[in-house]
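The chain below stands alone, shown as structure tokens; this is the form predicted on its own.
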């Protein structure tokens, strides 16, 4: 573990950002508690995310359960395919994710199968990181947590929030007045039984996600809007690097309009919350690396002390999810595309033969006939869902007739673009990118953006004596009542108090001194420049609110002396 990791770990635990869960019982790998500062920082990030990606985009919000029935995840493909390869040390018994051991030795080890992983482990001489022992042949390990609902229902903790959105598409489509594109966002927990989580907030078994599913009609143009000139750093699966605009990426055929649009939005958002954009890139997945549901995926990666780390994924999921849930549930999850003018078309309909259906299905025959005659025949064998039962219909139980009809539109399965944000990783990236030490004093500083900083202001009496302490506490109440998060500190020298505030990212400090009694003014110190300006107490709440929301900057602040 290098120096920056140790320093971040020391500051975050000591000052109450986050720490390992269940420490009095020895801890539990892959679980962390957020303390007062970490919880506030996370909430601020999520609020900015909602403002930018939900409110401004006009998207809809969902809050669905963490636990889903087994059939949901059989339909989504996760029950079968949500796995990683693990290896075990023959000497100490510790287990590891195989591709993680090959990082730095092989490009994109995530795309390798068991044989490819094993070949590289042998060729590169990879041993157990803990004891140097020999490793076993890679084997698949299922990543979902299974559970039971009641006495007899198998279920899983969700590995992503997306499936709750997909199965509710008909409701959202109606709420959106049956118009596309339709964006639905969800913030919540995800759960993955990671093989060997050893990277702090970067690899958790319970983690915070913010996901968007955007349902689009592929026949309609997706507008690039105000992001067309945003510069994108791209690394394609072929290894080609580009720094081009959103519009250029679309024209060159590297990205589709919706994928490029959200990449542009992501760049703007990351800069707003304090990520160093010079250390950001979008890396395209190799074809072997693609998830089972994805047609194309790009990871938004940031450069950290750990190397390039994915913090956001942008996936083109096509119609995979809606199609699978239609197949397994028997429900119609399609949208309707209206034609500019009605079209004549020939379609094949089914005519039920009751003389066959009746003896075969008895009391269910009439219901089955009604389902058949409402279907459009697309060839092949017919299987229908009746009250959670799948029923195969023999070919002699219906006739296929061709008719011509005038139609005003057609039903289709929307395509889906998914930007998925790992909030814990984003939070850690903000901490690393904002950390520095002052050259003159060596004091630690978190250069957090005022909008994400957990505490916006510190209220300090110049010395811990009356009447300064009483006046400072009065100002503390005024500022808190105005809705700006702040705290009081009168311990030690004013310089040490400034240093403590800098270490936790407090952007502004208000100092009450002996001049305050004379003219009802205080000084505001700005963290990054350490400059101070004097303002009236009566204007302080509004000033701090505007500074905290970044609606004004400190340099433009007029002094009132």
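If you're wondering where the values come from, they're calculated on a predicted model, not measured in any experiment. Numbering follows the first chain given and starts at 1.
Another form exists, predicted in complex with a further copy of the same chain; not displayed. Remarks below refer to it.
TODO: Have a look at 124 to 132, 294 to 302, 100 to 108, 188 to 196 and name the one stretch with heavy atoms inside 4.5 Å of a further copy of the same chain in the model of the complex.
DONE: Stretch 188 to 196 is the one.
Open item on the list: My question is simply whether residue 66 lines the interface with a further copy of the same chain in the model of the complex - judged by any non-hydrogen atom within 4.5 Å.
Closed with: The answer is yes: residue 66 has a heavy atom within 4.5 Å of a further copy of the same chain.
Open item on the list: Even though the partner isn't displayed, in the model of the complex is residue 525 close enough to a further copy of the same chain, meaning a heavy atom within 4.5 Å?
Closed with: No, residue 525 stays farther than 4.5 Å from a further copy of the same chain in the model of the complex.
Open item on the list: Given that a further copy of the same chain is not shown alongside this chain, does residue 86 nevertheless sit within 4.5 Å of it in the model of the complex, heavy atom to heavy atom?
Closed with: Within the cut-off, so yes.
Task: residue 172: touches a further copy of the same chain in the model of the complex, heavy atom cutoff 4.5 angstroms - done: Although a further copy of the same chain is absent here, residue 172 would touch it in the model of the complex, with heavy atoms inside 4.5 Å.
TODO: Just give me the single entry in 245, 146, 470, 136 that has a non-hydrogen atom within 4.5 angstroms of a further copy of the same chain in the model of the complex.
DONE: Checked against the cut-off, the match is 146.
TODO: Could you tell me which one of 239, 442, 225, 150 places a heavy atom within 4.5 Å of a further copy of the same chain in the model of the complex?
DONE: Result of the distance check: 150.
Task: Within 26 to 48, the residues that have a heavy atom no more than 4.5 Å from a further copy of the same chain in the model of the complex - done: Those in contact are 28, 31, 32, 33, 34, 35, 36, 39, 42, 43.
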